[in-house]
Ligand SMILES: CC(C)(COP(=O)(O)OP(=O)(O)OC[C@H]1O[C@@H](n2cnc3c(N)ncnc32)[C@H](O)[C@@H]1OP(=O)(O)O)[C@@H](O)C(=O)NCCC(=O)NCCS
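Here we start with a single chain on its own, the form predicted alone, put down as structure tokens.
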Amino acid sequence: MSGVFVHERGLCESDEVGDGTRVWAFAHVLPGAVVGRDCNICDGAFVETGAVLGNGVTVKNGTLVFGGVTCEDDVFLGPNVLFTNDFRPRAHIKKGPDQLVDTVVRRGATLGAGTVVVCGTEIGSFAFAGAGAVVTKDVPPHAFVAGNPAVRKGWVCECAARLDDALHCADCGSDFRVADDGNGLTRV
């Protein structure tokens, strides 16, 4: 794996890891996980077989990314984010990858520290889940969600600033409108 840094106490068993990616101490990337370029897999993180991370993904300390989870480019997973991949787990029932439920985190989304993502959900582009959120249903693009279960509290810009009632970002000057399909926002 030319161009990939693995800390002497990290373990990267996948052959599908892009250049510039860093795997830090006590992190473990299993064989069959796909990790893009310029990712940062921090201390104690776990990326399971069948998980897919795009380019520029940050996986902070203690985060668990199980098989069936796909994170597109530039996703930020805060410390101790947890994904599930089985609605009805039982220790005595062994399930293969085809029996697990997929989850997708779209480009540029952020999951704050301690977020739990129940399988079968899609988190939209540039959405933001506040610390400790429990995501049990799809999150629209640019939505800011928080709580247990997570509910929309507002909207956020691509720069992560909260949008005002006119869907304007005071930080970067971007403007948004409700998407044509009514699901989330799109930039004007």
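From 1 onward, residues are counted along the sequence shown. Remember, predicted model here, so these are calculated numbers, not experimental data.
The form predicted in complex with the named molecule is left out here; the points below concern that form.
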Contact flag, residue 32 vs the named molecule in the predicted bound form, heavy atom cut 4.5 Å: no
Can residue 108 be called a contact residue for the named molecule in the predicted bound form at 4.5 Å between heavy atoms? no
Contact with the named molecule in the predicted bound form for residue 44, defined as at least one heavy atom pair within 4.5 Å: yes or no? no
Using a 4.5 Å heavy atom cut-off, state whether residue 144 contacts the named molecule in the predicted bound form. yes
For the spot marked by 67, 120 and 137, is every residue within 4.5 Å of the named molecule in the predicted bound form through some heavy atom? no
Assert contact_stretch over 36-44, 49-57, 22-30, 128-136 against the named molecule in the predicted bound form, heavy atom within 4.5 Å, equals 128-136
May I ask you to choose, among 101, 104, 82, 113, the residue with a heavy atom within 4.5 Å of the named molecule in the predicted bound form? 113
May I ask you to list the residues of 12-38 that have any heavy atom within 4.5 angstroms of the named molecule in the predicted bound form, in sequence order? none
